[in-house]
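There is one chain below, alone, in structure tokens, taken in the form predicted alone.
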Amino acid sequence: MASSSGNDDDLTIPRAAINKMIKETLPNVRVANDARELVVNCCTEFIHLISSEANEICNKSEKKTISPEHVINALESLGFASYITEVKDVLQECKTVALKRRKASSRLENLGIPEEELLRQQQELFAKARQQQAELAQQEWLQMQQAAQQAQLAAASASAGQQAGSSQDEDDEDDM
């Protein structure tokens, strides 16, 4: 496949993926590096051929998104009709896996609680948290007020003690 931009590496399948498929398909066979490269290039060319034909079919049907049906029609028009049954089986398997993933990842659906109820519970939790925060702030404020009062009392008592001590001294002087 010749690329007009000269970036053939940008348009290939990752070699690691191809190597894994080769090892899984042919576990007891050694495959030369140039043969692996040829498989990568063939896969890339095949994908380009099928996607280009599917794109043409998509455009002819005045659609903007290539659907699985467009790909299946492309396989048929390019002479790969013998693969269509297997492709449809794989498509169904992919849809089943995707559906299972969506169901597994949807926590709201798994809870079985309506969204309105969850929203109400969330609002209750927020209100409870705000109440607790307000109570903590009030307790801190009361503690600060008590500490300030104790400091004032201590200062007043120290001041009174000094005044009492100085007046006692004055009384002692008067006695003399």
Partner chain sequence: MSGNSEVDNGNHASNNKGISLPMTRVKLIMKSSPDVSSINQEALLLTTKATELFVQYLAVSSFVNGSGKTKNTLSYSDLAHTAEQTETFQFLTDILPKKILVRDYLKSLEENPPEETDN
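Values in this document were obtained by computation on a predicted structure and should not be read as measured data. Residue numbers count along the first chain shown, from 1.
What follows is about the form predicted together with its partner chain, which we do not show.
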| note | Note: its partner chain not shown here; in the predicted bound form, the stretch from 144 to 152, 51 to 59, 125 to 133, 112 to 120 having heavy atoms within 4.5 Å of it is 51 to 59
| message | Can you tell me whether Lys95 touches its partner chain? I mean in the predicted bound form, with a 4.5 angstroms heavy atom cut-off. | response | yes
| field | Non-hydrogen atom contact Ser67 with its partner chain in the predicted bound form at 4.5 angstroms | value | yes
| Distance check, Arg102 to its partner chain in the predicted bound form, heavy atom within 4.5 Å | yes
| Close approach of Val29 to its partner chain in the predicted bound form, 4.5 Å, heavy atom | yes
| request: May I ask you to list the residues of 76 to 95 that have any heavy atom within 4.5 angstroms of its partner chain in the predicted bound form, in sequence order? | output: Leu78, Gly79, Phe80, Tyr83, Glu86, Val87, Lys88, Val90, Leu91, Glu93, Cys94, Lys95
